[in-house]
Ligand SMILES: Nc1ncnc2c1ncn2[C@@H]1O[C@H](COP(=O)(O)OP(=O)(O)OP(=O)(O)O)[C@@H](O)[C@H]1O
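Here we start with a single chain on its own, the form predicted alone, put down as structure tokens.
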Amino acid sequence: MSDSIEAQVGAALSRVVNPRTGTDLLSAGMVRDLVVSAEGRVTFTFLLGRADPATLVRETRAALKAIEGVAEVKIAVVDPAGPAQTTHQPPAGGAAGPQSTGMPAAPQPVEFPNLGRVIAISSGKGGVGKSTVAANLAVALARTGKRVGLMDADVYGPNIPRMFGVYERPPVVGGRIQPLEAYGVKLMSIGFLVDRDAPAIWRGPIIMKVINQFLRDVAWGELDYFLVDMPPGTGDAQLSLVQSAQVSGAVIVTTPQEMAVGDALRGARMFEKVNVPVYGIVENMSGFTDPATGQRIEFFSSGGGRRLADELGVPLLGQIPLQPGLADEADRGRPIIEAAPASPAAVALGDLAVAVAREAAGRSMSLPIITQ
């Protein structure tokens, strides 16, 4: 590697400014152990404090990759103050009982700066339209020009392949799985890798291995939002995700009736216990307005989403109305926001994307010691 390339690397690092301090990375001493190899590999340790924006890592990587001759950039991100003591673990000294004492200590989650905001789309029970919301939210964000990935973590019932009309097996290039893409969204699902009729009879360690592989071994590239469609409930997949990656926040999907709301409340409390902020509530199937008469009909009761949001002290991010044909379009692999963008459900889902982006921009996670 020529001296000129090394000089370009140094110059690029000196042009990246930490907005918190107003100083560049080199002057601030945020870069340690910098090595530029003869093959064009750049490696260094990045000292990133909890008050510093995590986007600095992505900005730095992009600046270095733009240099001609730089083939690879590896950054080990370290918090100089040490690990956060409670990140993604139950608070010490919490309420007595199995919920506060029976959970094993969580591994230190890893930051994946290239994934942008990692957002879990979750629900307390099945059948509330969680995957429909996740799929359309991903497409809505992509339609605004954002780089979006969607990981289907519902290993027991992966629906994302059907909802996007994508079924082929993803290729492997250079030892990394290449995500499939539809409607501007990068996709990965266990449904791409197993037969459609194969039952998923998997224990917790296998689920954790699958989620880790999807996070680490898939070539997601640089994203702004990384949505994770979770299985219903509060089981192995949820814990595996928050123990494996720094989750920026969770969106809880419910329907209006009290049974769904009660289950969704337990799902939200689970994220609170592991210190993942709940961005807000989405009330799906909130009602149907007869286009002929204008009369609104509440098939599944009403107000459950608002009551849940009030109880948790979080926003009601959106109310998605029932709409004829929505399920049929999903079965055809066409999210409603693409198939009928002017329809009431699509408009509500577009508004939901704006609300989620607003919440994500206003929240930040404490940063532990990280290696990548």
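Sequential numbering from 1, following the sequence displayed. Nothing here was measured: the structure is a model prediction, and the numbers come from that model.
The form predicted together with this ligand is left out here; the points below concern that form.
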Partner-facing stretch of 271-279, 126-134, 182-190, 140-148, counted where any non-hydrogen atom is within 4.5 angstroms of this ligand in the predicted bound form = 126-134
With heavy atoms only and a cut-off of 4.5 Å, decide whether P53 touches this ligand in the predicted bound form.
-> no
This ligand contact in the predicted bound form: P232, any heavy atom under 4.5 Å | yes
Does at least one non-hydrogen atom of D154 fall within 4.5 angstroms of this ligand in the predicted bound form?
-> yes
At the 4.5 Å heavy atom threshold, is N284 in contact with this ligand in the predicted bound form?
-> yes
All three of I320, L326 and A330 touching this ligand in the predicted bound form at 4.5 Å, heavy atom to heavy atom?
-> yes
Assert contact residue (this ligand, in the predicted bound form, non-hydrogen atom within 4.5 Å, options Q257, Q178, N159, N114) equals N159
Among V251, M163, L241, L227, which has any heavy atom within 4.5 Å of this ligand in the predicted bound form?
-> M163
